[in-house]
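Given as structure tokens, the chain that follows is alone and in the form predicted alone.
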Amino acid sequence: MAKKTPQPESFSPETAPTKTYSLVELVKAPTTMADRGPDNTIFAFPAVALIELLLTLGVIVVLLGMSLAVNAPLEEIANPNTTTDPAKAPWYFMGLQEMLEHGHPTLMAVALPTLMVLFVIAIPYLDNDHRGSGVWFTSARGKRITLLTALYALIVMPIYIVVDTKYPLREILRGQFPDFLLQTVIPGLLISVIVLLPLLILLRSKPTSREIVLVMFTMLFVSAIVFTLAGFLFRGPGFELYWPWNMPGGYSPWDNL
């Protein structure tokens, strides 16, 4: 017996399925974004990778040249009865050793370095504005702010080192006030005022978050250089301040290289 083939029902708006799509636009291929990345960007490879490779090779050549040119023999066995004067840390820790001359070790060697590291880690979160990204100092105003901050640090930080070494309040007032106040609170306040003064001046001109970061990072960077050079070049026997060419006892800071 033959089966009856069902006939398709006629179309009507009542029986049509619900439409879940819409036609927005038709364009000729290829589209404007085909084979392109985000605007104002370059591919990390090979452009950036080749530059980093060249920088790496340059650093290797410089280190190799220094290892061939500078004699670094082993010294005699350490004598516990004789202390090296001056006893200096390697150059990359010289800034921390210099900071220890100006306050309590917990403040200068633990608290402040920790705050510096945390600040560097927090920079992407403090400044998340993409405008001007990849441009040195972002703008002409940013360049001017960075330059003035660097000049400020180059002038004020050496003055602080010299004055605090010649007239240390923590030693002058020793016994008159608690050690915690003299060794921690007063040095911490002095450093805070010196570092935050450029930022307080900048806040009067309604700065952007990036300009604030530029000021703080410039203070951190330039101050680290100043403290490192002060400890390396200008600290002699007794860890006192001398001109590099006028060290007593025939000591030369260049011997530490």
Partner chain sequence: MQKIKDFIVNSRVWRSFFRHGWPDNPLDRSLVMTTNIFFHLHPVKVSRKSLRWSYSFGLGIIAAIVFTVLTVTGILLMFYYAPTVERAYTYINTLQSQVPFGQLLRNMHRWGAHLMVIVVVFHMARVFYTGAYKPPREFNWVVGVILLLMTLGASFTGYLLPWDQLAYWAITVGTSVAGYAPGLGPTAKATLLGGPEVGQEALTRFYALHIMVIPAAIALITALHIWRVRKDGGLAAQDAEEEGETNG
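Residue numbers count along the first chain shown, from 1. Keep in mind it's a predicted model, so treat the numbers as computed, not measured.
Missing here is the form predicted together with the partner chain; even so, the following discussion is about that form.
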Contact test, all of 48, 64 and 130, partner the partner chain in the predicted bound form, heavy atom 4.5 Å: yes
Residue contact check: residue 228 to the partner chain in the predicted bound form, 4.5 Å heavy atom: no
4.5 Å heavy atom contact, residue 146 and the partner chain in the predicted bound form: yes
Close approach of residue 178 to the partner chain in the predicted bound form, 4.5 Å, heavy atom: no
4.5 angstroms heavy atom contact with the partner chain in the predicted bound form for residue 156: no
The partner chain: the contacting residue among 189, 203, 197, 59 in the predicted bound form [heavy atom, 4.5 Å]: 59
Residues in 185 to 224 close to the partner chain in the predicted bound form, defined by a heavy atom within 4.5 Å, in order: 210, 213, 214, 217, 218, 221
Relative Cα spacing, residue 66 and residue 96, in the predicted bound form - shift of 3 Å or more: farther
Cα separation of residue 247 and residue 74 in the predicted bound form versus here, shift of 3 Å or more: closer
